[in-house]
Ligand SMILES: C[S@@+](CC[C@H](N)C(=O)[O-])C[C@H]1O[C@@H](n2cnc3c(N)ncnc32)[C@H](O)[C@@H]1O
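Consider the single chain below, provided in structure tokens and representing the form predicted on its own.
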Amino acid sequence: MATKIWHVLELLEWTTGYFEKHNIPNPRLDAEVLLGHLLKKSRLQLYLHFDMPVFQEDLTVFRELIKKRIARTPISYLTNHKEFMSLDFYVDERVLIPRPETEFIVETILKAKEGPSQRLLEIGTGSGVIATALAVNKAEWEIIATDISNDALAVVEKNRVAHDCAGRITLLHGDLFEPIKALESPRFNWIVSNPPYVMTSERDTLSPEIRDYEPHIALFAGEDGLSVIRRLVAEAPNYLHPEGKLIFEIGDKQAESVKALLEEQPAYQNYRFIKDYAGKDRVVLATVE
């Protein structure tokens, strides 16, 4: 009996139905992204070539991708790609998948009227999307990025090389501010962070894609979700120039708690909250005296 010849459109339709049966959240989109990734075609190109045959060699790989997606492996880990600030980044299970809300941090920094030569420190760089996006847009800035995970720093290395920023981003390994204490000049104009801020008690409320695959060290921050933010707010003034700025992401229900932390620190002369696409306070910008 002849082996069935599958074509792009019918393969997309079958995969969409299979994903729907297994309650995958965005079945059609996921089918398009996975097949496009496999065939090295954009979603538009798939439809321009909807009658193109998909041969057995590719089908074998596609089946494995489908199995992993059914097991709730995130799409970004299956394709090793995630867009951030209109740039393409490599991601895998060693790092948190960048979220659109985090772009507010980069956009806020880029809009600030600052001098041409700024020193910026990113704490907990993860995949390096913030540091790299800033280095692409601010070639004259000195950027240092730290992370407690050597695995994460290996991912950053791939991304800074891919975006020709290897010479503009210094990577340091260690917990929070520990790695910069030995620097000749440990003061910065900007300190930026997307720290872990999920409460450990919220673990079971997270989707399987997040709970079972993304690194817990980048997600959870104690019983109240503030264990890292608390240290960040307390220690950052020691490493900022006068009128230097601390900017970081928070959980959508943490604004009042973070406000209290900032009020406890006399070093901050002012602060404000920046709302995300859902109208939630998501990013904090605080300035020291």
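All figures in this text were calculated on a predicted structure; none of them were measured in a lab. The first residue of the sequence shown is number 1, and the count goes up from there.
A second form of this protein, the form predicted in complex with the ligand, is not displayed here; the remarks below concern that form.
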Partner contact check in the model of the complex: of 181-189, 204-212, 132-140, 167-175, the stretch with a heavy atom within 4.5 Å of the ligand is 167-175
Note: exactly one of Ser76, Asn159, Thr102, Gln118 sits with a heavy atom within 4.5 Å of the ligand in the model of the complex, namely Thr102
Contact with the ligand in the model of the complex, heavy atom within 4.5 Å, among Ile148, Met199, Ala154, Leu87 goes to Ile148
Report task. Would you please decide whether Arg231 lies within 4.5 angstroms of the ligand in the model of the complex, comparing each non-hydrogen atom pair? Result -> yes
Is Ile109 close enough to touch the ligand in the model of the complex, meaning at least one heavy atom pair within 4.5 Å? no
Practice task
Indicate whether Ala218 is a 4.5 Å heavy atom neighbour of the ligand in the model of the complex.
Solution key: yes
4.5 Å heavy atom contact, Ile144 and the ligand in the model of the complex = no
When the ligand is considered in the model of the complex, the residues of 58-96 having a heavy atom within 4.5 Å of it are Leu96
